[in-house]
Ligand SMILES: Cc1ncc(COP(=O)(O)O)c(C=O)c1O
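Before any questions on how it binds or moves, here is one chain, the form predicted alone, in structure tokens.
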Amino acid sequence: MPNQVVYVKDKHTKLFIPGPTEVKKEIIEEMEEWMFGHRSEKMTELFTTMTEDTKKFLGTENDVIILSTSGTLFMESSIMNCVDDKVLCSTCGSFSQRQADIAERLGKNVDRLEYEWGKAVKPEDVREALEKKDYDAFTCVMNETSTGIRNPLEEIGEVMKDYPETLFIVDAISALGGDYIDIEGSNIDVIFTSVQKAFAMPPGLAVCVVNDKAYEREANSKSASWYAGFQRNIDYYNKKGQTHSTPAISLMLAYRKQMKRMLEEGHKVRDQRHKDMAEYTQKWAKKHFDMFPEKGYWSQTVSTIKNTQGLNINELRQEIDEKYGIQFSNGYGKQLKEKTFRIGHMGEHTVEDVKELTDAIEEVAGL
């Protein structure tokens, strides 16, 4: 029997895992409001406020879809909505591989631009692949949660500008809201995230930003997602200011309040806070261990650190949880478990918060 952690109700465990991340108590309390109808004026006010505030925060003129779901749904629907036949999927870890697997399961013709785990997608390789064949879309993960890689989307976007018929689809699930990206400036057609990561909200909602080109691609396609169809969601919002299906109202109340907090902080300021946390964690990792990802492509929201000390990461995690009420993550999957560990520095955390964790690791591990 593996060691089991006993969880006590009302015990607050501070989360430095790659998601879900810490949620402010005031945001959780926002979900205690009495229920109301999802076709009421109150719902329209709630949903239009959170949607328009999200556009403002992200600095985009593109359409924003917010659905009661996991971000994985937009992984799937972006392929269903935008790819008639051929898609090029870059893979550099577990989650980018997932999108390629989804595309194959949907019956698309998939070519993979594959990289060793820990290596980043290179713009010149993207260009070379797009020169050889025409594709309906190219997929790339902004932040590969399994390896701690941050792919150079801005440079890849410059390449995509030369291939306007190939839509640029970006999985930003563990980055958006904690790592600034100019969506239009990077020529991104579809980009999506989940709110339990850098948005620092309870799980259950996902956000997708869609430009006119992606909307038109779906509108002219033979098949598309029903629940997460771009046209269906955008048209319904433009007509009624609501979701086409019953939403998770309580979560949306929390979202509205948290998005107001994010707007007050400002996107660039939030980006800098995440950059400061990442730089502190990377410097600490270099002092005691080593970074796993390729140098120059380190994530701003999740640090994947080599276990060069040969520590028992599972036991270390359990002892720190029991002693300090703090959690971080083991390495991802069979490839990286115990060989690495991961620190999620995203959401509402600060450098001082991350230092609590690193001090605890030093004390328990005797570094």
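Numbering starts at 1 and runs along the sequence shown. The model shown is predicted, which means the values in this text are computed figures rather than measured ones.
Not pictured, yet referred to below: the form predicted in complex with the named molecule.
- A single residue from the set N151, S90, N81, S194 has any heavy atom within 4.5 angstroms of the named molecule in the model of the complex; that residue is S194.
- Contact annotation: of the candidates Y135, Y237, F292, F95, the single residue with a non-hydrogen atom within 4.5 angstroms of the named molecule in the model of the complex is F95.
- For the three residues A278, S299 and T350, a heavy atom within 4.5 Å of the named molecule turns up in the model of the complex in no case.
- In the model of the complex, D171 approaches the named molecule with a heavy atom inside 4.5 Å.
- Residue contact with the named molecule in the model of the complex: A198 places no heavy atom within 4.5 Å of it.
- Within this chain, A285 is remote from the site of the named molecule in the model of the complex, having no heavy atom within 4.5 Å.
- Although the partner is absent here, T145 lies within 4.5 Å of the named molecule in the model of the complex, judged by heavy atoms.
- Shown alone, this chain has one stretch from 64 to 72, 45 to 53, 310 to 318, 333 to 341 that lies within 4.5 Å of the named molecule in the model of the complex by heavy atoms: 64 to 72.
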